[in-house]
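Encoded as structure tokens, the following chain is the form predicted on its own, with no partner shown.
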Amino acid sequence: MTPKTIAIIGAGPVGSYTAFLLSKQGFQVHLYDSKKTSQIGSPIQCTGLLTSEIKKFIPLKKEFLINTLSQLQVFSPNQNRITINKTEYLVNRKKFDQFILNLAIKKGTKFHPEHKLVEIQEKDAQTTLIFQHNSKKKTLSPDIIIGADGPNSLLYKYLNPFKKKQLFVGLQATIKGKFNPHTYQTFFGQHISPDFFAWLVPESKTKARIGVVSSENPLPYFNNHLKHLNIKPKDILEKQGGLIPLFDPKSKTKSKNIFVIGDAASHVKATTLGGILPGFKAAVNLTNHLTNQPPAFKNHQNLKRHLLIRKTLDKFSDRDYNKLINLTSQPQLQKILETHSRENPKKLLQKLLLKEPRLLSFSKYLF
């Protein structure tokens, strides 16, 4: 029996990882991206900070690992803070993305750079993709189509023609200065990040990444963040920005032979807006689905829990954040935060509530 042909649109980490998994299973996988091969992974559109769970999916390599961090400091609006001992990894996204692309190619994936998906047609139950390649148009009718084409996914819009995806705007800069290379920081408060939080993640003793996320123009909050940290314009080495989708459990992510995955499907944790690990989990589940195996992860349910937490946090005032950080500064709660991954909020919240019932006072925002 001839293996099914699969077209994956988008050679970001989730698209390439999906291609890698499916190629290992014997499918004829074709991976398409609008960029040149040398441009995969750029421009940088995220912090590049990953939890230890990344090691369940790929090995950590020196070629893309910039820094290993061992401590998180969380600052409340009134400048109280908690310190959590936690190992996390900062990666060079261009090298990281290209490493995963090369994994897929080595397993047999055929990569087609400079192919931009411009149209999707359906006729006689057959779906045809139309690509722009240089000055020519190319058509393709694969057995299976997987959209990993980012927040503005054309395939997502095809599956959800009347649904508008909620997008946030991230603004980040690489700065020079003096930093503790082992500690990254997050900052809460209406003044610098009313929608989420601001961050400072060191690359080394002399370089760091700082940023904010907003549902509107992030620039005023970014400038407030700079002032708060006493960072001068001359200290900025490079600015980056990008769109980040909010998970929507009602979005349609599959129809007949079409699937969307990763940012295209809003597979993003609504608490932190991290999308690589949820995207990898979705890639494993999709591979299992196409090989008639049960799902390996309860990804959808987990993302719904992150969304519920986000909807609760959206109602927080600065006073609420001050109270939350004060409560979680207790040693027994800090221990729980250190030993349980934020990737699984259900278990983490259960442990915290058992130790500190006063946290239940925030449940009023669920209704």
Ligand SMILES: Cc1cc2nc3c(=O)[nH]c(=O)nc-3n(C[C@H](O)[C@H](O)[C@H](O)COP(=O)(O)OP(=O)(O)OC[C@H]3O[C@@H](n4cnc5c(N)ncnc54)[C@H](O)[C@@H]3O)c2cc1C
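In this text, residue numbers run from 1 along the sequence as written. What you see is a predicted model, and the numbers here were worked out from it, not measured in a lab.
Not on display, but discussed next: the form predicted in complex with the named molecule.
- With the partner removed from view, the residue among 329, 302, 312, 45 that has a non-hydrogen atom within 4.5 Å of the named molecule in the predicted bound form turns out to be 45.
- Using a 4.5 angstroms heavy atom cutoff to the named molecule in the predicted bound form, none of 74, 306 and 336 count as contacting.
- Contact annotation for residue 12: at least one heavy atom lies within 4.5 Å of the named molecule in the predicted bound form.
- Residue 276 belongs to the set of residues with a heavy atom inside 4.5 Å of the named molecule in the predicted bound form.
- Taking the partner from elsewhere, residue 27 is found to have every heavy atom lying beyond 4.5 Å of the named molecule in the predicted bound form.
- The named molecule is not shown here, and in the predicted bound form it never comes within 4.5 Å of any heavy atom of residue 218.
- This chain is displayed without the named molecule, yet in the predicted bound form the stretch 33-41 from 33-41, 294-302, 63-71, 316-324 comes within 4.5 Å of it by heavy atoms.
- Of all the residues from 223-251, those having a non-hydrogen atom no more than 4.5 Å from the named molecule in the predicted bound form are 242, 243, 244.
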